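Just the one chain here, laid out as structure tokens, in the form predicted on its own.
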Amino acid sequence: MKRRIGILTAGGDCPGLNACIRGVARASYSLFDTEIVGIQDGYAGLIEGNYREMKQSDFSGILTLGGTILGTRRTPFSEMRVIGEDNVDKVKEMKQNYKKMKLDCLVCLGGNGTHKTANLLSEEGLNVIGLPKTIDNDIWGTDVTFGFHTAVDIATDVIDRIHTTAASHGRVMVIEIMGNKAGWLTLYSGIAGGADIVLLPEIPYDLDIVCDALRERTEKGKTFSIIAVAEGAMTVEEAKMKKKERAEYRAKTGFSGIANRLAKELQEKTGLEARAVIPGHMQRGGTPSAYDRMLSTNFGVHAAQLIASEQYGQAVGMLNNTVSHNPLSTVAGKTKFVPRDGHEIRTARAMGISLGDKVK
């Protein structure tokens, strides 16, 4: 029986998207008679009916490519059921275009928001499968997401390179790592890169404790310090605020990002010269690592196997070192945070890394 599969990539790009697309396609061509439709720019393409018929040759030579051959765009889940000035019923349009494309299944590659919309479409009666990509590694129901390990390699390389200039100039270097809600990327790259202080969204920091950690290093004869801070990290005081209050408070500081603000505060409080480093989007660019190519391929193949057995409404994931799947309904809307008592946190503390909090 021929199956017609739609594939889209939504949200931010990351390494491994093309490898995963390739895995879905090649395994599908191998397992059953198939036609594949590439939907452009994520859910926006599904809403607008922007798609193209794919050929087998379209999936050759893309294993090592970063980004996504299908393009991507952020279409917030919160706006999916909102009819704006354009008078477009987004859910209705997606369902109609699914039928217009004569799809038997829709494969959605993306992060938390993508999975929420995938689950919405599943609840609306469409055959949907989710694949977990994000450099944040914060999708519920999978031990790891593709794109994460490549981003860890890149962020760690940044920290490695900053060590030499920090040592040469005797400075405190504050490196802002991506991760607004979850600190997996900052924690892994901070430990791997030998950071002295690691600040995460899950553990609000006390500025005085961070300053004390810097002074203690100076007293021990250390001439420089490296701080890895997640973009979503916040102080103990900020953690008590509501989201809107926190945004207003930060706007008053005059800094859009945490690294510049923190560097200024630390220099004023300790007298130590501090500089901010913001690698930004390079953390999710470029060719995927060998690990992520393998992981993406495994995930893509498993999605094709689910399609072959008509197991829809599932989110693929890695569970206990085995590629498996969970119902989309149990994954959508949940964020996998760094556990405060997890073994990575215990490792950081045992290594003498300050997390900016009082250790009980």
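For every residue, the number given is its place in the sequence shown, counted from 1. What you see is a predicted model, and the numbers here were worked out from it, not measured in a lab.
FYI, the form predicted in complex with a small molecule isn't displayed, but the following is about it.
- Considering the small molecule in the predicted bound form, the lone stretch of 285-293, 259-267, 173-181, 206-214 in range is 173-181 [heavy atom distance within 4.5 Å].
- Relative to the small molecule in the predicted bound form, residues E48, R81 and N119 are all farther than 4.5 Å at every heavy atom.
- Put simply, of L200, I135, I227, V107 only one has a heavy atom within 4.5 Å of the small molecule in the predicted bound form, and it is I135.
- This chain appears without its partner; in the predicted bound form, the one residue of K95, R74, H169, R246 with a heavy atom within 4.5 Å of the small molecule is R74.
- Taking the partner from elsewhere, H281 is found to have a heavy atom lying within 4.5 Å of the small molecule in the predicted bound form.
- Residue contact with the small molecule in the predicted bound form: D153 places no heavy atom within 4.5 Å of it.
- None of the heavy atoms of D196 is located within 4.5 Å of the small molecule in the predicted bound form.
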